[in-house]
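Heads up, the chain below is alone and in the form predicted on its own; it's given as C-alpha cells.
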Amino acid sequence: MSSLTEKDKPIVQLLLNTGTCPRCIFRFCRVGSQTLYRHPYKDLTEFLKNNQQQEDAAGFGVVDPPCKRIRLEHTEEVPDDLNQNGVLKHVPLVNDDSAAVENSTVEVCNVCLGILQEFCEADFVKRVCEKVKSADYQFTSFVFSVSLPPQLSVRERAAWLLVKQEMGKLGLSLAKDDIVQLKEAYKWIIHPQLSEELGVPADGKSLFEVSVVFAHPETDEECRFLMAVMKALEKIKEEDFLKHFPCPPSSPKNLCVALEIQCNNGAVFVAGRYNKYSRNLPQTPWIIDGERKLESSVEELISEHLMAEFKADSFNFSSSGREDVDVRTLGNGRPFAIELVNPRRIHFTAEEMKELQQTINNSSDKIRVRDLQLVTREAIGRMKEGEEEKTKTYSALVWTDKAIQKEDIAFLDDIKELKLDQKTPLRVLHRRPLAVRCRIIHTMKSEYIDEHHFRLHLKTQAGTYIKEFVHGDFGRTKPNIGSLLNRTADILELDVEVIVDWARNRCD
C-alpha cells in the first residue's frame, strides 16, 4: 500500500495507542501520497494493525519487533464500512479495556474528531452531492471548501507536542509545518469522489463553490481558554499550553457534525444601455425614511427579469452616471451593469440574451434596453473608468422672467469651452461633500420658442450639473444662463443623451 520508514514506527505506535485514526497517523508521519489517504478506512486500519503485528512488514520496511507497550488484538472478521446508523464500525486496535468503545463503533479520532473517518465515506459524499443537485445550479467545475471547528487546531497541537517529545527521545525532530494539514488531506480524499458523483472536475479557480461547515459541540468548551485560537496557538508557550490542555488529547465520544452543506455560484455580470422616457421614474428605488415615494425605478424594471431568468439571490446595480427622477435619458442610452449574486443559471446564448432584452422592453413603456450582454468583472471597471472625463449632450427647456427675442440668445451659440465653477448643489448636499468643481460647457446651441421659452442644446463634460447651470443655484454655479442673459432663468425640462465610449463588443 505504501512504505513507512523505521523512524515512523514509534509515531505509529504512540498515536495508535492514544486513539488517533490511521489517516491522521499518516499526516504525522508526513506521508504525502494522496492515493494512500483515499483507501477505505477499514483497509487503512488493517494495514497499520498488520504492520504492527508482523516483524517483517513489507509496507513498513522494518524488521524490529512491535513495541512491547502495544498489544494488538487479532480479529478474523473484517467489519463493514458503516453500521445501520451511518457510523463506522469498530476495528479494535489496542488490547486495553480503557480503549473499548460502546456499541462497537470505531473510536472517534482524538485529533480530527472524525473528519477523516466517517466524513470521507461514500454515504456522506452522496449526501453532499444530493444537496448540490437539489439546488439546481449550472456549473462545469467546482471548488470545495471546508470550515473546521477551532478545537481541531488545539488538538492537533497537543498531538504534535506528544509526537515531538517522543521523537526527541530518539534524537529526531518534527516541525509543526512538516505535518500534512487536515484540510489538505481531507480534500485529497473527497475531491475525486465529489468529481465522480457530480460528473465535473474539481478546479481551484471555479466560480461554483461547494462548502461544508463542521462543528463538534462536545468539545466546544476546550477552546474557552483561548480567545483567538489561531493567534493564541502561535504565541503560547508549550508549557503554558500543556497546563490547559491534555496531551495527548482525550478521545471524544461523538463525531463531528456537518452543520451546513452549502452551494454558491460566483457572480455573473450583465451589461447594456438603457433609455428612460418617463419624467416620473427614478434610476434607483426612491425611499425616504423607510417610505417609498414612487412605485418603481429603472433598476427594478430591468433587474426583476434578470433575477428571474438567472435565478439569483440578489443583485447590485451600477451605471455610468445617473439622471434625476424628472430627467429623460435619450440618445444611445446610459451604460449600466448588474451583478447577479449566486445565480443558479449562468449559461445564456446570444439569442437568449436578445430574447431577455425583448422581454424587458415589452414589460414597460417607461424604459428601453439595448446591447444586453454577459460581461466580465473587468468590463464593469472600464465602464466606471474616466467617467468624469466623458462628454455628454443635453437638451434643456429654459424659461426666462423677462421677454426675449431670438437675437437675445443667439450669442450663446458662439460660446465654446465655457469654464464653470460649481459648488455642490443644495439639492445633493445631503449626499455629496461640499466642494467647488470645475466643469466645462463645450458647446451650446439655442432654439427660440417664444418670448419666455427657448430650448438649449449643450455638449458638456460629464458630471456637469445642468439644472444649476441654468438657474444658478443662488449663485453657487458661476457663470450660469441667468447671469449670461442678465435675467432670471429656470429649467422646465431636461433630457440627457449619454455618450460614453463603452459599447457592445468592447466589454466581451
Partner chain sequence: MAAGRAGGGGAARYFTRWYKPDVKGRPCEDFCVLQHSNRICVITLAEAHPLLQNGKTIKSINYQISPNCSRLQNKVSGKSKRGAQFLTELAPLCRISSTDGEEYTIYSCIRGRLIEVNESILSNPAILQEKPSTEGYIAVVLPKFEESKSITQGLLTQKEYEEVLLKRHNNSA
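Here the structure is a predicted model, which means the values were calculated and not measured. Numbering follows the first chain given and starts at 1.
The form predicted in complex with its partner chain is left out here; the points below concern that form.
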(message) Partner absent here, but in the model of the complex, which of 22-30, 438-446, 40-48, 474-482 has residues with a heavy atom within 4.5 Å of its partner chain?
(response) 474-482
(message) Just checking whether residue 131 would be counted as a contact of its partner chain in the model of the complex - the rule being heavy atoms within 4.5 angstroms.
(response) no
(request) Decide whether residue 416 counts as a contact residue for its partner chain in the model of the complex under a heavy atom distance cut-off of 4.5 Å. (result) no
(request) Give a yes/no on whether residue 259 approaches its partner chain to within 4.5 Å in the model of the complex, heavy atoms considered. (result) no
(request) Look up in the model of the complex whether residue 497 has a non-hydrogen atom within 4.5 angstroms of its partner chain, and give yes or no. (result) no
(request) Heavy atom within 4.5 Å of its partner chain in the model of the complex: which of 122, 175, 287, 429 fits that? Just give me the one. (result) 429
(request) Between 432-450 and its partner chain in the model of the complex, list the residues on our side with a heavy atom within 4.5 Å. (result) 432, 433, 434
